[in-house]
Each structure stands twice: as C-alpha cells, then as structure tokens.
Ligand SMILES: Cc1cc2nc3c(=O)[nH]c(=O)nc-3n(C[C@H](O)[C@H](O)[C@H](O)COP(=O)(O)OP(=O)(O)OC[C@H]3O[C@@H](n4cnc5c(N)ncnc54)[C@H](O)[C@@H]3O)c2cc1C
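Okay, so here's just one chain, in structure tokens, the form predicted on its own.
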C-alpha cells in the first residue's frame, strides 16, 4: 500500500491549488479525481469574474491549471474514492484503483446536483433531462428548452442556452440569486421567457422529454419542451467520509480558519465546505490555506516522531 504525506481528493481549482502548494513544499502527495482535471470548470462556458483573467472558457482555465500543476510534477491519479478510514495517525483511503495511506487528507470534491425527485425525472435522465448546459446544450439547437433554478449558475446556463435553443423557458422557484449584470443580460435575451414563482411537479414524456407539469400561483399547467436543464440545487460530495464522523452542516464540511475539520489531519476547501459564497476565487484561496495547514501538520508529526 502506497504511503505519502498528503492525499488530495478532487482535482477542481481547489484540489489543483492545494497540490501545487504541496509539491512546492517538497512533500509527497497524490491528487485523485474520477473525472478530468478542472472539476466544474469543464461545465462552465464563460468565466468573467476571475481576477487577472477578463474572460475565459471554463475548460480553458482547467487546462491552464492542469498544465501548471503537471509542469511542476504533481502526480495525478484517476479513480473514485469509496471510503476513508482513520487508522491511528494515518488515513486509509480506499479507491477503485487501489488503497493508500496518508498522514494528511485534503478534501476538495465540490458539489453535485440535487435531484428534484419528481415523477419522470429519473426515467428521462439522458433523454432530455440534463444537469449540465455546457455538456448537452448542442443537442437542443433550435428546440424549446426549460431551465429550472434560481441561482447564478442557472442564470448563466440559461444565457448560454439562449444562443442555441429556439426558446428558453426559465422556471424560477425562488427569488433570483445572481449578479445585476447577469440578471440584466438574462432579461435582455429576446428568446428567454421568465416564469417566476414556478415549480415543477413532474417531467412529461416516455422515450424523451415532451414537457413539464408546473405549478404557478396555485394553478397547474403543462409547458411543452424537448429538454429540461434541472439546475435547482446542489449538495456536498462528501458521502465517502461518513465513517469519520465529521462535523457537517447538511452534508457540507465545517472547517475553522485554517481549513481544519473536526478530524485532526483532515482539511477541506472549495465548494464541499460549509460557507456562504461558492466562487472559484475563494476556492483557490481556501485551498492555499488548507495546503499550508496540512504542511505544518505534517512537519509537526515528523518533528515529534
């Protein structure tokens, strides 16, 4: 079983940032992710609020991060972690590609989309139901689609889809949580129709989505569409840590100012932690703190040995 100073789970902007700091410290580490480096960056069509970068496509920023880390010799491994156990002072990481032992662990696994749980959603997943506009938008050129959500990423995806779809119906179940610039851009799109205070009751169709049953102001009606982009909510990707008994809030990991969790030696950063703002810029900052805290922890253990 391979043994190292730090094991980093999640290769989004937080995980890659942490890996860069660990590599520069001359300590041994591995960065693992089940998907391509960059995490959710690969599903963002445009980033315009990252300092020093006026505008860039998410996949392009992901590639820059990967190339920087790769040039430094960061060790990337593809795999999915199913469980982490604490064995004495070490973390035992169990993945589908092997098992590892590490003195410290940095978790940067981000978030995943919540399912609405309404009839038709699961059955039509991949048959018109999508959770990623950048991934699947091209399949809906010239068609009518529905975007369901109220946060900034849903607004951004509705704006993106407006350049592809014939009509974008945005169903907004709660007051919009977005920037003024994004809200103005959304409302300026002639082929975007906003439906406020509207909820989805079911997804209609057999072999493919043909519409949604919605509720607005106590009344139900059917809205025809060929695609549903379900972007209502997100949840933490931290289920594999269940056996450690971490202090969490609705699944999101609680950390202190040093990004330390309730388990000594385990640090977390990025969207997986309990916080108000989930942006690329603070994910990178949190990761730098988590990495330097892990480095200090490792040196304290080596000094005590």
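Since this is a predicted model, take the numbers as computed values, not measurements. Numbering follows the first chain given and starts at 1.
Beyond what is shown, the protein has a form predicted together with this ligand; the following relates to that form.
Heavy atoms within 4.5 Å of this ligand in the predicted complex map, among the stretches 66 to 74, 251 to 259, 22 to 30, 266 to 274, onto 266 to 274 alone. Although the partner is absent here, residue 81 sits close enough that one of its heavy atoms falls within 4.5 Å of this ligand in the predicted complex. Of the heavy atoms in residue 55, none are within 4.5 Å of this ligand in the predicted complex.
By the criterion of a heavy atom within 4.5 Å, residue 104 is excluded from the residues contacting this ligand in the predicted complex. Put simply, residue 14 is close to this ligand in the predicted complex: some heavy atom of it is within 4.5 Å. Site residues 35, 237 and 278 are all in contact with this ligand in the predicted complex, judged by any heavy atom within 4.5 Å. Along 109 to 124, these residues reach a heavy atom to within 4.5 Å of this ligand in the predicted complex: 109, 110, 111.
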